[in-house]
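A single chain comes next, written as structure tokens; it is the form predicted alone.
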């Protein structure tokens, strides 16, 4: 399966607005002009109870469907997304400001993920025969039950697809609390599964409060919890799941290093650098955030990079001519501006940008910060938007050391014309993913996830469907009973 790099997804992360799962209204606010065009009410506790009961009842039937029967629904869901890509893409752009072409790409990628698991789930979960010293043994895979996911706004369908696709095909059912700023995307994805033929309760959208999040996690009918969000949100949700002895997976963002070695093709590297930083207006967990360039190329890289960023054109994200969209919310913009101001106050040099753009909406200038020392808060923070942190290093060893000097460990990339050298460097970087001559990327058949404060567990590929299934040993002994 070939997937165009145009939609490059990542995952959730605005430093302030989305980090604490606070109770708030579910509102569609267009970040390109600040206008609110729809508000949705949260569920009452009684409505939430009905939803959980419906999901639990559905599981008892859904789990016994064959893979082929479940695949019929999943293939139909993927086909609907492809057939009506424009219909699905528009609310992404209107609710969180993604450029319309990137929104279309996200719709197609989400369809690819759903279909990937429709065709491959049965093989991924096939019984595995073991070779014990005597007798026979096999490991069977069976679904956990009702799963609860807390999902982000920055890729409103992709995040849902990579949670729902594998788990529904495994025989689980899923309930999802989506982000408060993309409610129409949340409803569209729920409606998708019903239209594709899934029974009520197989996929359930939950407009719920922070307190109700805890209520759902505590409910004994919920068997597993997945979150994509901030470190703070991850600690809170993982702790609650742990108190209930429930399996959880966490994807908590990153501060990906974009390493440029002395033999890199500079023109190609700068082109990828702009894409790696500015796709989705920099609002990706796997966006390049720290640009680490060996000193032989540092000045030339910085000059070309700055020139390319300055050429981006802000405008209506529905207009194909626009190359710089808004931040997802006004709160996200203000948080990022505060981070830049704090970085400069602590010694960073503002090479370009750093201010909001004088136009309606939540737009920020593409920004480059240099001279960022370890004592500066910016050295440790994740900048979730169009802000690049630039570092010049003497050599490959310094580049690796700096890349690893982070509490995060999600993705990273290495640019060099010597592929074997790139592989050696990649092996030294402490992250869940490293790409050579390409920014951190995602595809149906590639495992996605990190280490350290970037979380634990994997999504996508054959690994993603294994997280919430019971691996049951069935043993046929050939040993005589004791006398």
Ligand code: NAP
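Residue numbers count along the first chain shown, from 1. Predicted model, so just to flag it, every value in this text is computed and none were measured.
The form predicted together with this ligand exists for this protein as well; it is not shown, and the discussion that follows is about that form.
> If you check in the model of the complex, do 210, 382 and 448 all have a non-hydrogen atom within 4.5 Å of this ligand?
Looking in the model of the complex, the three residues 210, 382 and 448 all sit within 4.5 Å of this ligand (heavy atoms).
> Hey, in the model of the complex, is residue 177 touching this ligand, heavy atoms inside 4.5 Å?
Yes.
> Might residue 162 be said to contact this ligand in the model of the complex, defining contact as any heavy atom within 4.5 Å?
Yes, contact at 4.5 Å.
> Might residue 366 be said to contact this ligand in the model of the complex, defining contact as any heavy atom within 4.5 Å?
No, residue 366 sits far enough from this ligand in the model of the complex that none of its heavy atoms falls within 4.5 Å.
> Look up in the model of the complex whether residue 203 has a non-hydrogen atom within 4.5 angstroms of this ligand, and give yes or no.
Answer no; every heavy atom of residue 203 is more than 4.5 Å from this ligand in the model of the complex.
> Which residue among 258, 153, 305, 193 has a heavy atom within 4.5 angstroms of this ligand in the model of the complex?
Contact residue from the list: 153.
> Considering 412, 166, 253, 326, which brings a non-hydrogen atom within 4.5 Å of this ligand in the model of the complex?
None of the other options qualify; the answer is 253.
> Using a 4.5 Å heavy atom cut-off, indicate which stretch of 129-137, 97-105, 228-236, 351-359 touches this ligand in the model of the complex.
Selected stretch: 228-236.
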